[in-house]
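Just one chain follows, in the form predicted on its own, and it is written as structure tokens.
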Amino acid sequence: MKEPLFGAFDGAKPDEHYVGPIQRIDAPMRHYPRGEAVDFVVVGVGSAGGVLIQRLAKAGFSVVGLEAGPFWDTERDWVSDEAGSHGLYWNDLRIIGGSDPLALGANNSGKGVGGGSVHWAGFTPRLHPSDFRVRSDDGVAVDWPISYDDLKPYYELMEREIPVAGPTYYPWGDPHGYSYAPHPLGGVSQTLVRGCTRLGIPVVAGGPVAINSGSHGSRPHCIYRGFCIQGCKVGAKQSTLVSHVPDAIRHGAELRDKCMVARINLGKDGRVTGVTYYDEHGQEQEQRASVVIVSGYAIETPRLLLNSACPGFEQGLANSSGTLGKYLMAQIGNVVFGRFDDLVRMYKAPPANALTEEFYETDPRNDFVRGYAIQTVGPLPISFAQHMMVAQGAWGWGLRRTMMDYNHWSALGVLGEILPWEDNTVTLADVRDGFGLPVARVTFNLHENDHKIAQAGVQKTEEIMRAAGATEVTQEPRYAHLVGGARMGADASDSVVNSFGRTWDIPNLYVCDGSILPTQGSANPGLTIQALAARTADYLISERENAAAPTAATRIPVRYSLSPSEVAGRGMPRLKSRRPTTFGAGALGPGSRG
């Protein structure tokens, strides 16, 4: 073929907004007058906010999304370079503390349309049914106010919208399969599959991951270059920037980027009236709305509500329970490295490519509750150098010698559940940002159960590395992901929001993002966050006539018709069949037990 399939690419044009090499916004964005009230204002257009504005706009509501970061044009703004991707992360000042302080920024915070979904690796496992009843089953933490079955149809829906590529049979939690074919194994995945197989540990490969294994709508398939957490300039990896925002704009949503929301405004009648924000020129503006939805994630959401303190809510807006900013959670994220005589080439596949959840659930033989997963990771050279500086103390010539061996190293990550503890908090610091707003102070401490999970996870992962043939094994302690800080619950006395994200204190103020998760399991939270957003949107649409004064509805219809037009109805149908008795490399690892 002498000519590209879609013709020669001649670069981005001034009047076009690209969200992928062949995907662009094909409709002018609506602009609401600044003094006009809209039905919904959504603060933060990330994983949850992107899904919310798309569905609410498609349902016919007037919607404005306010995003602190840029509206990325992927052809102008993104580069295939580790250092050049630094601007994707939330790098604004935050104060960290506690006995085991978190590392923030590139590890768990995004800034820009698409939020953290722009630079997530894309692993999309579901939570297990047991994650929703940890208090009842294990006597720790809290139960969710909903069950797995309440979220299951939204898991299935989002797996097709994203879409998720994965094995035909996934054996853990609620066993299920995926409609889109798994990816081929890279070198790191072969390490995990080989080690698990030799130890008799079930493992899946090729997903579940939010990366196209074949072209999908206007998004091409993955080309296996390994730049997944640098924004995926190819457009194969899902973020709401590419999967939901274009459809939101087509249906009349307005996105205002580089707009930092300073506070949520409360009226005399006990309802919020809108938000005050600083626009891209630093000018203070107000956006009035019938309903305000905060989707700023686990640090910026509590920070905004705390900064919105006012008479009647002196300790933070919607904080009558005193739980706002408490019960922040990260996950154990230690990375175990193994050196092999043969070439591995960590960059030659999506980092999110294979995993095992065999140690996810509480095991009475352990001296701790809950558990961990083991997943592939694929750091590029700069990240690898940073890891090895910590893991081995490598520096100078020693670091240079290690880097010369980069292609011989493999990396596996522990993803362990840290329970919600009251002393892990987001509060306000005395330091202020460029807008004069108090910045977040993030305090984090590991407890005995957390330490035991980390130790067990690292030990098991090191065993797998050695079983796979590693001649040298080392590890780096670290964290992954963030959730909590404005948790949902069944009672207003110990939670901020109900099961649909509506704050207990203010009927037309909602929170919908990772901050509302009561517990986190050992699963990557991205799929769950998007599924919760779709569920909240369905609830708000069901309450169309009284969204600002909602009823106590608990059951709502799943609105399949609201899927973005490019993905609606796509994907192979799910077939009910017996559990397979043998597995290939695309499902369970060859020779592994089920």
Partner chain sequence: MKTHDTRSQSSQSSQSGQSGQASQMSQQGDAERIGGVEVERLPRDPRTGQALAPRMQPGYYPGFSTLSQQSFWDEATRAVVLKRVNQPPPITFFDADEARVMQTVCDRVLPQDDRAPDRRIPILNTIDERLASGRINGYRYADMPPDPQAYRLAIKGIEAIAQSMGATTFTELNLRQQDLTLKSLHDGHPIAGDEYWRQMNARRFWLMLVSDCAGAYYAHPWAWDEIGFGGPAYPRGYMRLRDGQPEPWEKVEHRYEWEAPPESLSDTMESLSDTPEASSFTPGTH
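All of these numbers come straight from a predicted model, not from anything done at the bench. Residue numbers count along the first chain shown, from 1.
One more form of this protein, predicted together with its partner chain, exists but is not displayed; see below.
Partner contact region in the model of the complex: 226-234, out of 256-264, 453-461, 226-234, 170-178, criterion any non-hydrogen atom within 4.5 Å of its partner chain. The closest non-hydrogen atom of residue 381 lies within 4.5 Å of its partner chain in the model of the complex. Of the heavy atoms in residue 363, none are within 4.5 Å of its partner chain in the model of the complex. In the model of the complex, residue 476 approaches its partner chain with a heavy atom inside 4.5 Å. Heavy atoms of residue 78 reach within 4.5 Å of its partner chain in the model of the complex, making it an interface residue. Taken together, 345, 393 and 441 are fully in contact with its partner chain in the model of the complex: each brings a heavy atom within 4.5 Å.
Interface residue among 113, 349, 304, 468, judged by heavy atoms within 4.5 Å of its partner chain in the model of the complex: 349. Only one of 241, 121, 88, 291 comes within 4.5 Å of its partner chain in the model of the complex through a heavy atom, and that residue is 121. Contacts between 393-422 and its partner chain, taken as any heavy atom within 4.5 Å in the model of the complex, involve 393, 394, 395, 396, 397, 398, 399, 400, 401, 402, 403, 404, 405, 406, 407, 408, 413, 414, 415.
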